[in-house]
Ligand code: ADP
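Coming up is one lone chain in structure tokens, specifically the form predicted on its own.
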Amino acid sequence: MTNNITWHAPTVTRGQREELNGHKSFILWLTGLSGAGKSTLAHRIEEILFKRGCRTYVLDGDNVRQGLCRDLGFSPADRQENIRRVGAMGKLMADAGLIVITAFISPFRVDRDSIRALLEEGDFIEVYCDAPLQVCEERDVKGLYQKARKGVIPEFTGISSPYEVPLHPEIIVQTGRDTIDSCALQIIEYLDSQEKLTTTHKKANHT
């Protein structure tokens, strides 16, 4: 069946959308343990970028599982499919000219690397939210870690299922130690240094 499917190139290009928006489009992929601060950080980054006039959207793990991935559980196969769907969605949104900020545990390197492989070089920015397991458990207002340690929640990342730390992330933020604002600013500074938040057209208007 897939042999009969053809990709239709858009008549409005991604580059044209980026020029209209005044910034590059890409996926900012936040990964880390549950409780590491990914969602809070993702939304703080979006607030900062929004105030700068950037077109953004946050794809949050819990939100996606209420719609796009509501049919999936938490087995290794279902987690892989969850990330595959999010990656495909993120790619479409980046093609539409948006800055896509994701907040997913995404515990397996192979799954994160598969999303990177979908995109052009520089379009996938992996951010490791580094917080020790002990800190994440202390922050656990939902009591998920406690349930996992009691065996109520099977295959829980960090307890009964592994988390594979990124080997070469573009950014590491110490969310277990530093404030959310500090981590967000570190990421914004990186994006600025890579000229992700402006386009050639926009820069030309300032010269």
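One rule holds for the numbers: they count along the sequence shown, beginning at 1. Being a predicted model, the structure only gives us computed values, none of them experimental.
Omitted from view is the form predicted in complex with the named molecule, to which the following refers.
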Contact with the named molecule in the predicted complex, heavy atom within 4.5 Å, among T179, N63, Q146, S160 goes to T179
Heavy atom of L33 within 4.5 Å of the named molecule in the predicted complex:
yes
Contact label in the predicted complex: R44 to the named molecule, heavy atom within 4.5 Å:
no
Residue contact check: R55 to the named molecule in the predicted complex, 4.5 Å heavy atom:
no
Interface membership of L167, the named molecule in the predicted complex, 4.5 Å heavy atom rule
no
Given the stretches 47-55, 147-155, 134-142, 65-73, which is the single one in contact with the named molecule in the predicted complex, using a heavy atom cutoff of 4.5 Å?
134-142
Across 35-68, which residues bring a heavy atom to within 4.5 Å of the named molecule in the predicted complex?
G35, A36, G37, K38, S39, T40
